[in-house]
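Just one chain is shown here, as structure tokens, and it is the form predicted alone.
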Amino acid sequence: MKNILEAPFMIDMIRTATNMYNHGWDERNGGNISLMLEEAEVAPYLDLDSVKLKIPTGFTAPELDGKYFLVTGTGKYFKNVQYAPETNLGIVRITAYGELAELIWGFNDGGSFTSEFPAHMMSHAARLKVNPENRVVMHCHPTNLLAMTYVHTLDEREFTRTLWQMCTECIVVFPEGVNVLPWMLCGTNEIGEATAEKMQTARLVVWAQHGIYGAGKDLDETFGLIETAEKAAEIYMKIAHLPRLNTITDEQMHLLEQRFHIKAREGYLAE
């Protein structure tokens, strides 16, 4: 067997978790990542018949049956992932129509997957219906997006438009906008179901007074989505108390649609 710590997907996961911590998005044990893997990616590194533990998931997701996920652990600190990946990360295979997760590798200290595992898996299932290439769900606590939920209306159209107006690239990076959930108890099936529903129409879902969920086809795309939204929120928080003399107009955003061959979410721009 090859050394799994040298697998490209493992290197990418470790780098991403470290980068997220260095950005200040994942304090203490805040935040979590799940990366869907193909069996062919995992097979050269692990004995797939060797199951260390079977963990009830607490939900049903038949569309994920048989799929593999590299996922961060509950109570684990992102700052430690680069130093002890085999303790802070795990690879699980979903079985029994989503009701069981078989631990194939990792969580060497007896730990388990993130407490937000239901929200992750439900979001994966939702995004796969929209985009079969989706492989990543990422949750973190970006400072400015979190702050913005205290001082800005949580109306999704207004929240999205404000972010679009802060930075020219925003409408290009996330033309479908962002969806927003009011404060809900984390780590429950209820917030997982609500997030998954929001994921059907956008790759970014803001959890008010908590953080954000992002989804994408790889770790770079998903990180970049959150990074772009967070930059826009940072600009907003710096100028929200000041009179705004200039902005990016709807007419200018229509020009961006034409230039970059994208389409803004229906009804979010004036015709």
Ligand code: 13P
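From 1 onward, residues are counted along the sequence shown. Source: prediction; values computed, not measured.
Keep in mind that the form predicted in complex with ligand 13P is not shown, yet the notes after this line are about it.
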property: Distance check, residue 100 to ligand 13P in the predicted bound form, heavy atom within 4.5 Å; result: no
property: Non-hydrogen atom contact residue 228 with ligand 13P in the predicted bound form at 4.5 angstroms; result: no
property: Residue 141, heavy atom within 4.5 angstroms of ligand 13P in the predicted bound form; result: yes
property: In the predicted bound form, residue 111 touching ligand 13P (heavy atom, 4.5 Å); result: no
property: One residue of 87, 95, 115, 201 in contact with ligand 13P, assessed in the predicted bound form (non-hydrogen atom, 4.5 angstroms); result: 115
property: Ligand 13P: the contacting residue among 80, 74, 131, 168 in the predicted bound form [heavy atom, 4.5 Å]; result: 74
property: Candidate stretches 27-35, 45-53, 236-244, 219-227, one within 4.5 Å of ligand 13P in the predicted bound form by heavy atom; result: 27-35
property: Residues within 4.5 Å of ligand 13P in the predicted bound form, restricted to 170-190 and counted by heavy atom; result: 186
